[in-house]
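First, one chain by itself: the form predicted on its own, in structure tokens.
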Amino acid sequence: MSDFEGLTALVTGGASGIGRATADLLAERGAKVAVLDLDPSPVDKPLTGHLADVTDDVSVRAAVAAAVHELGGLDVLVNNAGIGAQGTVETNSDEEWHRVFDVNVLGMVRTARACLPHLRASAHAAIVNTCSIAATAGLPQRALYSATKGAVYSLTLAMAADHVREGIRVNCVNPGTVDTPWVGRLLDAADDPAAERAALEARQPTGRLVSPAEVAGAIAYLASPLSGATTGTALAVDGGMQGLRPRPAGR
């Protein structure tokens, strides 16, 4: 499939996990792809890597400018950089709330703000934000993380409304629990990693974690010119977690 042939894309947090799977897929489907990351060293050809800290506006603007210059323009922004957080509303300090919001929400704001002047020049402009099923389903021990992703969901809708007349589509993906390095670290830190993995798998009706490649496929669908009538949409990639209520096995 070559629906991205001749197009350019920028992926934040693109050196690993969902971001890397997305960058690789867009490149396979014909796009020229630049990755922004705190550590772009794992990025290799055909991708290009740029150092950027999404909590620093100067860093973001410099990296976007360098990437767009290298790409020769910009058609697609994948706003993927983010961090996790655990606990109830009582668990985390004010400083941690500010830190996670700074990365997960304001990081997207800074990157989109730097990219919008370039996207306006594109005939196929699209932004895809990595949100989470935590934005629409109440998950235990995820108060701070869920609050940031709820903000990302609302931000996506507002951006879609603001920029639809400019020809810029804005959507988001809502993954369930994805088998990423961050989830791997959570499992490693658990008292019983095998039991914790089994519990995470069991809460998704498919009975398994989502793969980064599956989220990348959803992002590519929303970013593709073939989806030109799709904007202001949240696409769940969650193994049925949001919408299905299957009976327990054997009943």
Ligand SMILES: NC(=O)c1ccc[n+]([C@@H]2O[C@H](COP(=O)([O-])OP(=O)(O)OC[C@H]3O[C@@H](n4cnc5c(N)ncnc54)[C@H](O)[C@@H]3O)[C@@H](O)[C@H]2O)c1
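Counting begins at 1, following the sequence as shown. Not measured: the values here are computed from a predicted model.
Keep in mind the form predicted together with the named molecule is missing from the figure; the text below concerns it.
Shown here without its partner, the chain carries 112, 221 and 233, none of which come within 4.5 Å of the named molecule in the predicted complex through any heavy atom. Here the chain stands by itself, but in the predicted complex one stretch of 31-39, 63-71, 187-195, 222-230, 31-39, has heavy atoms within 4.5 Å of the named molecule. Proximity to the named molecule in the predicted complex, defined as a heavy atom within 4.5 Å, holds among 105, 144, 178, 168 only for 178. Taking non-hydrogen atoms only, residue 83 approaches the named molecule to within 4.5 angstroms in the predicted complex. Although the partner is absent from this view, residue 132 contacts the named molecule in the predicted complex, with a non-hydrogen atom inside 4.5 angstroms. With a 4.5 Å cutoff on heavy atoms, residue 23 does not count as touching the named molecule in the predicted complex; it lies far away. Interface residue remark: residue 241 is not counted as part of the site for the named molecule in the predicted complex, having no heavy atom within 4.5 Å.
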